[in-house]
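Here you get one chain, nothing else, as structure tokens; it is the form predicted on its own.
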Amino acid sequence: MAQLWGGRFTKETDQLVYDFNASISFDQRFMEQDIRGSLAHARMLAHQGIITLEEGARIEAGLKGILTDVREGRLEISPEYEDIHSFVEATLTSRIGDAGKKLHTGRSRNDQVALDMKLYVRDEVEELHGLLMGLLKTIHRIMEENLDTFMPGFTHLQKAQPVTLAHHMGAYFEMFRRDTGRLVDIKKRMNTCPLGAGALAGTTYPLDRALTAEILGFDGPTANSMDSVSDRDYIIELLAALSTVMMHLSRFSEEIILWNSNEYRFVEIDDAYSTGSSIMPQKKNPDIAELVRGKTGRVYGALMGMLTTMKALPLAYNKDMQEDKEGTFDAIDTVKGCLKLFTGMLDTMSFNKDIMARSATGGFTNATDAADYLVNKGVPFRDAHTIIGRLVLICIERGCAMDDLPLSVYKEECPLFEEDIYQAISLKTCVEKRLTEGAPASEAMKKVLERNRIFLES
């Protein structure tokens, strides 16, 4: 059992206890961050004269050698070590001798692991942000290509008013744009360096924490040493943000699943992102969308697990906090995988524009515009609402759309109807006269697209 703290103990830790306590099976993911933090710490120690410049140089060369050897497969991270910190320090000492034992001067595993987790999360936030931007670019392309692709808009899963595919996709653009903002906020708020906080009360060595923070790209050192080693707010914030990303992906997936059904037939999912049935040869299943929808729950679970772990912990560090890693790793991996696959599925998806338009026409989505037509003729809105309701009932009885009713039927309900009613309730008119900011008219949408372009390019 390779561990760093055996001096005070007179007997070996029970193997089950050791295995239960050890974290190297999962925190080896921190290897690069751990070495990056150690390089900065060694440089600061040498700068402050706590170790010699020659010792600092040997430590730096040794750490870089370990990193290269692990990357290139010449050195395997051994499970005999308790954690990744033990592995790196022991390997370093075996390679460069006693100078390696000086690396840990002025730090504790508490501030070391806090640093590693922050570095890791910061790196992953940047990658997640990039994946979200890739999804936004795909959504933006679809919007640009479908300013005049008419479709029904829904409330309560009932056809409500006509919109365009560009407008519908724009709603998801706004959701995922907000998600990118949350990640930017998280990175900004978490960007302080805990290294130098020690176990909980700092250290007597003359550390330059500001230098360490600068080397590692932080805005500065953390302000309180106890908070430095016990803060996991940024992980909770990240898991909350990732849960929101997954909620948005799940909503989008649910619509794609509906649109892919025989009843809708709005979309055709590319074969590369579909599967078939082992027994039913006609099936083409939207498995990616279904899996994204299903995996949302495990990301929610990581958030709830972390909140529960932290809810009653006294200051400062407690071993419970080791539970911050596996759930966070899994949530990050899950969201990254979902974003990559969902973006690919969406990018290769085709839209059945004629079917979407027919669905909008057949669902009385222009009924509100028919009522507005009468209001513009001086009919009180409530009366107009009743008249159009009766006309919709007639259409249902006849099995037709409002566009197909003869003018004589319109006039039987209200003599103010004229031939221009058909123009007033056409899908194009219904959409194009909705010009308010955020509405689906092409002129309004062009302004949105320009704003989106500026955001994507920035």
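What you see is a predicted model, and the numbers here were worked out from it, not measured in a lab. Counting begins at 1, following the sequence as shown.
The same protein has a further form, the form predicted together with ligand ARG, not shown here; the description that follows concerns it.
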| item | value |
| --- | --- |
| Contacting member of T334, N260, T180, Q322, with respect to ligand ARG in the predicted complex [4.5 Å, heavy atom] | Q322 |
| In the predicted complex, the residue from I269, I288, L119, V113 that sits within 4.5 Å of ligand ARG by heavy atoms | V113 |
| Segment assignment from 136 to 144, 88 to 96, 103 to 111, 373 to 381: heavy atom within 4.5 Å of ligand ARG in the predicted complex | 103 to 111 |
| Output flag, S23, D27 and Y317 jointly within 4.5 Å of ligand ARG in the predicted complex, heavy atom basis | yes |
| 4.5 angstroms heavy atom contact with ligand ARG in the predicted complex for D83 | yes |
| Residues within stretch 398 to 415 having a non-hydrogen atom within 4.5 Å of ligand ARG in the predicted complex | none |
